[in-house]
Structures are given as C-alpha cells and as structure tokens.
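First, one chain by itself: the form predicted alone, in structure tokens.
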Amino acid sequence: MSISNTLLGLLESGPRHGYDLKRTFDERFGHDRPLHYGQVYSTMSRLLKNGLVEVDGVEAGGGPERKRYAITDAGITDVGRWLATPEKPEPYLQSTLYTKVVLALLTGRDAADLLDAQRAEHLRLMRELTRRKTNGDLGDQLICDHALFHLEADLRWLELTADRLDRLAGEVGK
C-alpha cells in the first residue's frame, strides 16, 4: 500500500493535522497495521518537499506546534494517477510453501506432514477472519473477503500438491 498516496487521498476532503491523518488512516485502513506517528510526519515532510502538500496553518498548543496540511493541485493529480493505475497482480511464482515442500522432499522429511500443518494454519486463520467479518463493518467484510479468497486459493494449491506429492518426489529425486 502506498502510504503517501493514501494520506494524499485523505487530504482531498480537506486540510488535516498529522494526528488526524493517522487516526483516520488507522480507522479506515490500519486495523492490522496501524501507522506510527513518525511514519506520518516523515511522509508529510517528503510530500511537502515534493510540492504535493502545503502547510495550511500552524496552531500553538500545550506541546509542539501543530501543522495543518492541505493537498496541492499537483497532489490531486498524483492521487488521480495512482487511483487510475491498476495494481500489478502478484502471481506468487516464488512461493515459500513450494520451496518448503521441495526442501522437505530433498532432505527426507515428511512433506505430507508439512502440507497438513500448513492446511491447519490456513483453516485457523480463515476461522478468525470469518469471525471478524461476521462482527465487522462493510470495510472489515471486504478486507476479510479479500484475504479469505487468497487463503482459499492456497488451500486448493495445498490439496493439489498433496495429490501430486509422490510424482513431485520422483521428479525432485532425479
């Protein structure tokens, strides 16, 4: 995820302080990985330097001065370009799971046990995500659906690999 573009997109609705940006980001996108304040302020500093945001005001308070940031026309253009650019699909051609299966076979370990343990871990996470989805708002439901679909694809691969394990062992042993 592009933190810079996400923060810029949040600024399109109006100027905000760094604290407000962090809070909104965490509420909308950071359930599993909230931003650190340092990351917000270093990103805003970089966006300011690149002319994508400007300081819209400074307020004195009990602590350090609070800058309020506003998006510039260049920032709006940057967000528009980012939103219009499709994300590159991740084909997972260098799968860690595949590597572990082959190494298990090469080292005489039980690859079927490895696949069973991985299947159990996927199912555990799927149950957790399903609970979260059931109790969550629409944003949680969509995020959890995305993750669940990927996990389902992994489970299909685990089953397919288990069915072909003897054949793979023969090819690996050559």
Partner chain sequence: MTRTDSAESTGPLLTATRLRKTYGPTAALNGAEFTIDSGEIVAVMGPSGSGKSTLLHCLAGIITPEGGTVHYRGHELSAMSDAQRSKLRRGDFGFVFQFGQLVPELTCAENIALPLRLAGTNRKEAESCALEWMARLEVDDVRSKRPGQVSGGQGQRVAVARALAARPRVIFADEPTGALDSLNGERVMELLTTAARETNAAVVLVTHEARVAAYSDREVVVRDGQARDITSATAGIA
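Residue numbers count along the first chain shown, from 1. Predicted model, so just to flag it, every value in this text is computed and none were measured.
There is another form of the same protein, the form predicted in complex with its partner chain; it is not shown, and what comes next is about it.
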{"property": "Its partner chain: the contacting residue among R127, R28, R109, R66 in the predicted bound form [heavy atom, 4.5 Å]", "result": "R127"}
{"property": "Listed range touching its partner chain, judged in the predicted bound form by heavy atoms within 4.5 Å, from 101-109, 33-41, 48-56, 115-123", "result": "115-123"}
{"property": "R132: touches its partner chain in the predicted bound form, heavy atom cutoff 4.5 angstroms", "result": "no"}
{"property": "Proximity of E12 to its partner chain in the predicted bound form, heavy atoms at 4.5 Å", "result": "no"}
{"property": "Distance check, L148 to its partner chain in the predicted bound form, heavy atom within 4.5 Å", "result": "yes"}
{"property": "Those residues of 136-163 which, in the predicted bound form, come within 4.5 Å of its partner chain by heavy atom", "result": "D145, L148, F149, E152, L155, E159, A162, D163"}
